[in-house]
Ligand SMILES: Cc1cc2nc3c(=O)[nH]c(=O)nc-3n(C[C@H](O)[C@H](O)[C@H](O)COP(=O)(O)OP(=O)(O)OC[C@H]3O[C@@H](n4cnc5c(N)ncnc54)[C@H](O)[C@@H]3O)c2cc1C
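Only one chain is given next, in structure tokens, and it is the form predicted alone.
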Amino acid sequence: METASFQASFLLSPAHRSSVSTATPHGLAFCGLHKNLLSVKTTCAKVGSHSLTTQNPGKSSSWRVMASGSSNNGTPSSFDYDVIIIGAGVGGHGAALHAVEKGLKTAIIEGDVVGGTCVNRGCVPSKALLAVSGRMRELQDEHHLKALGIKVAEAGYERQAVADHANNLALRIRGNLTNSMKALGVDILTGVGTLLGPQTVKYGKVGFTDKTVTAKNIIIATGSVPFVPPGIEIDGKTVFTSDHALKLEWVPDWIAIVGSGYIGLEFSDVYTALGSEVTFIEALDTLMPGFDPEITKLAQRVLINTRKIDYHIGVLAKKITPAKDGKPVQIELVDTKTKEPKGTLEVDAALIATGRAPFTKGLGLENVNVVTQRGFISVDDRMRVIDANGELVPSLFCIGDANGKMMLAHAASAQGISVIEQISGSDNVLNHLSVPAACFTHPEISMVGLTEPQARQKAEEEGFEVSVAKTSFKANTKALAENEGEGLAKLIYRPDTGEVLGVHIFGLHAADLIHEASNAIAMGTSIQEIKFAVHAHPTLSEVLDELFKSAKVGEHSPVSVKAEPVAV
């Protein structure tokens, strides 16, 4: 968050899942991290009134969902489009561009603005604010600057100019996305899309007559909205979600952030750099749930303990009342487990960073016999929608936050591209374990694959050994030149085969460094092969070079490990 990012893709806080009916289904991850991948199995759908057939006899992996008796089940005999995508966020945009590349006549339906959450209320504007917080930290760190021989006057900022920078960036990227689709011939249909039946969609705006269009294939990509737990009153001014916070209408002296996942962490980075004091309220027994524990320990020391941040863990914000009549924001705390009162916190503002909920209401899913699971649309490992009877809905797919598999913007885009590949006749299954995630704090955090506890659980269940290798940024020339030696890279792997199970990085530009590891998992590249890769010197990429070289792999282990796609 999309993902990684502020919000493209973050899930509900685990402690809030049991408190509301719209919480995340069991087995999904917190903060876009692969927390429970080990227990998730591919959804099996029955093939009833439709069947899987090969489109190209020469390719055994090619397939297509074919409806039987189409003339009697409401399926159109001719179509306006090859593909209609409902939702023009990052996932829908990625699918649309790939569909055009494949020669498919494509339309995208958007009821709000092109770009979805990521571009307008998430990944993009948040990075603008974080760019400012990063510069402010550099200018405020007198010790760091002195070590580099730099003298500067006292740093300051203009709040409205910072807010304008974030808004202008969102507008620019939104325009880029819109223009790219128009230039390639994608029809952008404005209005709210609703399924009328198989391969048929209506769309329209309030006060205007609805229009109906048909397509051979329909992709749902409607994304998500901020999740607000019961008992919390949002006024958009003193109690607000990330949607409001990104407007930066004011900078509170003291702000409580409910949730310490990467949404909360990133906002704490912004607010403390701009002068606020922050209090985290975390329902679980530890801060930063979902991250690798070793990374959490180091990140907490650097990102939290050294800043004007305090925290309460193991407590729920049972009730939050906005500031009014001269009174501050009131936060009633209770013990997460016992529900015993833990006092009342009074602050200037409260940011609710407890995750996101799927936006799937009003889609007309009942017209294709689809029932959501806590708001999420059930799909198989190929993103094909599953109906209430456990059968595949012909020619209907769902990608991104709406299916809940991995709530990250880039995961949605990858799922969309995978769906288009299938529609075009090439079987494609996205390996979600290869999808990286990042938290854009200063320094950054990034990760891909399994955490160490997850890997050891998997090893115990499947009967293999797990090893861990680590390298420090303090040993990297480029990091030392930047006077940014605080950081750690961690590799989790199988010593018998050289398979990369997970990589976690905390340090300068960690979000950029993770992709070498991500690609290794995606391509099934073994550590033995990666060790021979050449990295420019001196660069931060050598952190990964040293990490892979330090791994101890058996002498007689195979050279290449082509991992099967992991369905989640």
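Note that the coordinates shown come from a computational prediction; the quantities given were computed from them, not determined experimentally. Residue indices: 1-based, along the sequence shown.
Below: the form predicted in complex with the ligand, not depicted.
Blocked site. The ligand, superposed from its pose in the model of the complex, has 3 or more atoms within 2.4 Å of backbone or C-beta atoms of the chain shown. Considering the ligand in the model of the complex, the lone stretch of 294 to 302, 218 to 226, 421 to 429, 156 to 164 in range is 218 to 226 [heavy atom distance within 4.5 Å]. In the model of the complex, the ligand stays beyond 4.5 Å of every heavy atom belonging to V132. At a distance threshold of 4.5 angstroms between non-hydrogen atoms, F464 is out of contact with the ligand in the model of the complex. The closest non-hydrogen atom of S242 lies within 4.5 Å of the ligand in the model of the complex.
Taking the partner from elsewhere, D269 is found to have every heavy atom lying beyond 4.5 Å of the ligand in the model of the complex. L363 is the sole member of I309, A349, V393, L363 with a non-hydrogen atom lying within 4.5 angstroms of the ligand in the model of the complex.
Contact with the ligand in the model of the complex, defined as a heavy atom within 4.5 Å, holds for exactly one of D82, D112, E138, E482, namely D112. Residues are counted as partner-facing when one of their heavy atoms sits within 4.5 Å of the ligand in the model of the complex; in 110 to 139 these are E110, G111, D112, V113, G115, G116, T117, C118, R121, G122, C123, S126, K127, in sequence order.
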